[in-house]
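Okay, so here's just one chain, in C-alpha cells, the form predicted on its own.
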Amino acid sequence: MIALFLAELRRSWIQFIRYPLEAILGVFISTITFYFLFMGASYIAGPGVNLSDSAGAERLDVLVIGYVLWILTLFVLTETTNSLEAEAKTGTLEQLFLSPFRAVTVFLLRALAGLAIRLILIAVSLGLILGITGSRLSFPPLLLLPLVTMLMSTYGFAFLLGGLLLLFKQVRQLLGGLQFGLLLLIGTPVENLAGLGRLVALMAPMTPSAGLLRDLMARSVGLDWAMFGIALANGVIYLGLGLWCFSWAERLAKQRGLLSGY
C-alpha cells in the first residue's frame, strides 16, 4: 500500500512538473474568479455595507471559506472522474483492474496523492485571496478534523460518480450541473438554519463539516464536538456508500464487458 501510494505520488509529481503552466493558470483563474465574485457581491450589497466591521468581516470570511472549499471539492470530484475517463479513452482501464491491487484502492490512493500537491496550490490561491480582500481567517490545529470528515464525504461522492462513469463512460454534463449546486451547498451558512431545513442540511454531504470550518476559521468558535460527531458520521456514511457503489458498478461493468472498450 505504501509503495503504491509513493508510486502514485511520483506519478502526480511528474505530471505536475511536466505541465507547470496548467497549475499556474489554475491558481490565477481561481483567484481572478473570486475577485470578480467579491466585486460583484460588494456591488450588489451597495455602498452602505461596511466590510471592516465585525458583521461585514464575518460575512467576507464566510464567503472566502466557502469559495476555497468549493475549489477543493471540485478538484476531488474531477480528479477521480477525469482519471477514470482518461484511462477509458486510452484503453488502459482494464489493465488497472487486472493489477494486484483492487481498483478502488488504486484510484483512492491516486486521488490522495494528487490531493497532496493540489493542497499546496489551494494554499497559494487562499493566500492571494486573503491579500486581495484583507480577510483575516483563523487557522487552529483542530480545523484538520472537520477538513478530514469533509474530504471523506467528498471522496465518497467522487467514487459514486466514478461508478457511473464505469457504466456510462461520460459524466461531464452531470458534473458540470453539480458544480453550482455544490457552491450553494458549501458556501451557504446552513448552520444558521433551524427546524426541518437544518435537519436536511445535516444529512447533505459535506455540509456539517463546512459549517464547522466556518465556525473555526471565520467566527473563532471552538470545535463543537457534538456537531463533529455528526460530521464524522456524515463522512463515514457517504464514503462507505461511494466505495460500495463503485465496487457494485465495477462488478456490473465486468459482467457487461465494459472495461475493455474505449
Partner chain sequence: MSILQVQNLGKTYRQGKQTIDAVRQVSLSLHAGEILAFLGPNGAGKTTTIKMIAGLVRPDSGQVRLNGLDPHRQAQALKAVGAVLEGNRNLYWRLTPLENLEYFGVLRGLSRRVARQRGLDWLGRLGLEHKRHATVQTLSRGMQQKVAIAVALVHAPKLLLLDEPTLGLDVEATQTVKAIVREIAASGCAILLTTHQLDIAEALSDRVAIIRAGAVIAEQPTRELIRQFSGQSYRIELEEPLPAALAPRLAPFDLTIADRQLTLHRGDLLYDLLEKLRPLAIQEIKKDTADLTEIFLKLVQEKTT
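Positions refer to the first chain, counted from 1. Source: prediction; values computed, not measured.
The following text describes the form predicted together with its partner chain, which does not appear among the structures shown.
Engineer: Residue-level question: is Gly131 within 4.5 Å of its partner chain in the predicted bound form, judged on heavy atoms?
Structural biologist: Answer no; every heavy atom of Gly131 is more than 4.5 Å from its partner chain in the predicted bound form.
Engineer: Under a 4.5 Å heavy atom criterion, is Gln170 part of the interface with its partner chain in the predicted bound form?
Structural biologist: No, Gln170 is distant from the partner.
Engineer: Tell me, yes or no, whether Glu87 is in contact with its partner chain in the predicted bound form, where a contact means a heavy atom of each within 4.5 Å.
Structural biologist: So Glu87 counts as contacting its partner chain.
Engineer: Does the 4.5 Å heavy atom contact test between Gly176 and its partner chain in the predicted bound form come out positive?
Structural biologist: Residue-level check for Gly176: no, no contact with its partner chain.
Engineer: Looking at 90-98, 70-78, 147-155, 116-124, which stretch has residues with any non-hydrogen atom within 4.5 Å of its partner chain in the predicted bound form?
Structural biologist: That would be 90-98.
Engineer: Go through Leu183, Val106, Leu164, Leu143 and name the one with a heavy atom inside 4.5 Å of its partner chain in the predicted bound form.
Structural biologist: Selected residue: Val106.
Engineer: So which residues in 4-32, when you check its partner chain in the predicted bound form, have a heavy atom no farther than 4.5 Å from it?
Structural biologist: Read in sequence order, the residues that approach its partner chain (within 4.5 Å, in the predicted bound form) are Leu4, Ala7, Glu8, Arg10, Arg11, Ile14, Gln15, Arg18, Tyr19, Glu22.
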